[in-house]
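The chain below stands alone and is given in structure tokens; this is the form predicted alone.
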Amino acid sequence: MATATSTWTCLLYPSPAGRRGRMRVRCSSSVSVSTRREPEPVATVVKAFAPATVANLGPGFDFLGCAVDGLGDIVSVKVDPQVHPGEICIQDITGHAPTKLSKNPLWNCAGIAAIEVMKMLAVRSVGLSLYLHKGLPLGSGLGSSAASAAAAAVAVNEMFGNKLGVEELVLASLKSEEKVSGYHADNVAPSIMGGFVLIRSYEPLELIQLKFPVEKELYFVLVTPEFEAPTKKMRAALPGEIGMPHHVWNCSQAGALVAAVLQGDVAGLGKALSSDKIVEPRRAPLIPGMEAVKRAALRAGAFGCTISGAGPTAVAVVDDQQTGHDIASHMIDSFLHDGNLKASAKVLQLDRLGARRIHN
């Protein structure tokens, strides 16, 4: 069936010879006549997992992020004859703070992304029920909304034979982020693609995947205090204008961070991650104890420490798991002593796979 619809043109650009470890995705929108035939479901139930993410990474505000292994959201979708064809019905939400999330698919991150994927696939004769398990706490600075969107996008795509590419899944998930927290892909892109991702451009969307060497060890120390840091409030704290010296400094630190990722230089990564002079200085004072927690992490042996996303989670990087646990203990103590906040910690590795179908 042919219908007039908004479609996306996406091209993959492999790295030039001699430049290993990078892949570019460029996407642009246009209105055209879609000839995509409606796909048939290939399963009755599909479950997908999407990992947590660390956005910004210090100087990379809104254009750098990475996925971390072991934390994330799970979305299950199933063909449901009781649901109107072409629509999504959110049947249940479990896990962290389920009552705080809307079951209206037009106001739920997972629902918005799932609907967008159905539109891209031109699905009109099948209705789906969706079940969301929140493995991530809300407002943690670990890409909670992005993980829900990414898991839903992947689950619906798998339900219909995995017809969409990674770039289209990012675009579908961006629709969700745009409605909930703003049009930025530094959470959804790494959650879907895995590893480190650089957003080179938003108009058109162009993504560069940065390959951290597999033989190198990298651990993220994630310490989350019992404190809410709403994204809107944390974004409102940012300056409307910045001076040229800070602009030059942050650009150089972001460049150094990218180089460190490609080289597997964890010490260099940590140094750059700790060096933001624009965003972190405005946000850290809003999180009780954050500045002292960063100092405690560095004294305990972390290569670097900053705020994960909008916070309140603090993230430190190190190349040894046991050292990571020791650093976590110092950071927890500092949150309690200097911020009067209880905190919990996890020491996790880089998630290189991104959102994927699971079978358990």
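From a predicted model like this one, the values you see are computed outputs, not experimental measurements. Each residue number is its position in the shown sequence, starting from 1.
Below, we turn to the form predicted in complex with a further copy of the same chain, even though it does not appear here.
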*Give a yes or no for Glu215: in the predicted complex, does one of its heavy atoms lie within 4.5 Å of a heavy atom belonging to a further copy of the same chain?*
no
*Considering only heavy atoms, tell me if Glu206 and a further copy of the same chain come within 4.5 Å of each other in the predicted complex.*
yes
*Quick one: does Met244 come within 4.5 Å of a further copy of the same chain in the predicted complex, counting heavy atoms only?*
yes
*Hey, in the predicted complex, does Pro239 get a heavy atom within 4.5 angstroms of a further copy of the same chain?*
yes
_Can you work out which of Lys103, Arg200, Lys163, Lys233 has a heavy atom no more than 4.5 Å from a further copy of the same chain in the predicted complex?_
Arg200
*asked:* Going by heavy atom distances of 4.5 angstroms or less, which of Ala229, Leu71, Ala122, Leu210 would be at the interface with a further copy of the same chain in the predicted complex?
replied: Leu210
*Have a look at 130-138, 90-98, 108-116, 253-261 and name the one stretch with heavy atoms inside 4.5 Å of a further copy of the same chain in the predicted complex.*
253-261
*Though the partner is not shown here, which residues of 80-110 have a heavy atom within 4.5 Å of a further copy of the same chain in the predicted complex?*
none
